[in-house]
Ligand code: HEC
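As C-alpha cells, one chain now follows by itself in the form predicted alone.
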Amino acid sequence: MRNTLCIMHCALCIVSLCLAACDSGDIVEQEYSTAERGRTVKLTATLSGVDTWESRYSVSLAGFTTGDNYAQVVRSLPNTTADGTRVELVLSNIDEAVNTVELAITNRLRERIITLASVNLEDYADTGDTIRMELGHVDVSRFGALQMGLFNVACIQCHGGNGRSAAGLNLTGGQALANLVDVPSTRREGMMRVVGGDAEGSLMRQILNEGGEDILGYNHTEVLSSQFKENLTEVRQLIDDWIKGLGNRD
C-alpha cells in the first residue's frame, strides 16, 4: 500500500512540474524547415507556337546529363498555352549530376527531340543563386524549333547572310522559310530544296539522311551527325514531320 502511495505521489509531482512550466512559458515551440536541395533555374520568355504541337510533344524546361537523351528533371508547358503568353518556368532541386538545363521539345518519355536554348550549369559552379534564362520572344513552333535548334546551330556558318550564303541559300532567322519551301535547288537541277508535303522528294531531307553524303559534293550528313550525337534520329524525324505538315497549308 505504501509503495502505491509513493508512485501516485511521484506522478502528481511530475504533472505539477509540467503545468508550472506551461504557466511560466518555458516550453518553446520547435520550428521545422526543409532545405531545398540542388540548383534552381528560372526561365522567362514570351512564347508563340506552343499550341501547334500534338499532345505527345511538350515545350519543356529540362535538365540533362552528358550523353543521355532523357531528361533527369523536367517542367512542361500545357499545349494550350496561347501565343504571346509570357511564361515563367522554375526548375528546382536539380541534381548535381545534371550538366545542362534546356528549353527543349520533349516527348512523353522525357526524351529530347531538339534543343532550343541551353545553359551550362558548370559555368555557374561557384554560385548558389537562381540561374536565370531570359530569352525574350521565342517561336517554339515546329519550324521555329528547327530555326533555333538546327539552322542557327549547324547551318548558318555556311548558309548565313552578308555574302556567306553558300549555293544562294540563306538560313538565317526570317529568311530560311522563303529560301527553302518550293524553291528550286541551284546545285541540283530539277529538284526543290523542300517540296511541301513530300519529305522523300525534298533535297534537304535527302542530303541530311544516310546515303546523301555525296549528293552535293559536300557531306551535310556528317555535319548533322556530329552536331546531334544523342538526338540525331529525333532531329531527322522532326525535319520529315515539318515537311509533311507543309502539305496541309491552305
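Residue positions are given as counts along the sequence shown, with the first one as 1. Computed from a prediction, not measured in an experiment: that's the story for all the values here.
Separately, the form predicted together with the ligand exists; it is not shown, and the next lines address it.
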Is there a heavy atom of A199 no more than 4.5 Å from a heavy atom of the ligand in the predicted complex?
no
Please determine whether R112 contacts the ligand in the predicted complex, using a 4.5 Å cut-off between heavy atoms.
no
Contact test in the predicted complex: L103 vs the ligand, heavy atoms, 4.5 Å:
no
How about Y70: is it within 4.5 Å of the ligand in the predicted complex, going by heavy atoms?
no
Looking at L224, V41, V195, A45, which has any heavy atom no more than 4.5 Å from the ligand in the predicted complex?
L224
Only one of L177, A154, I94, M133 has a non-hydrogen atom within 4.5 angstroms of the ligand in the predicted complex; which is it?
A154
I need the one stretch from 112 to 120, 145 to 153, 84 to 92, 125 to 133 whose residues put non-hydrogen atoms within 4.5 angstroms of the ligand in the predicted complex.
145 to 153
May I ask you to list the residues of 213 to 238 that have any heavy atom within 4.5 angstroms of the ligand in the predicted complex, in sequence order?
L216, G217, Y218, H220, V223, L224
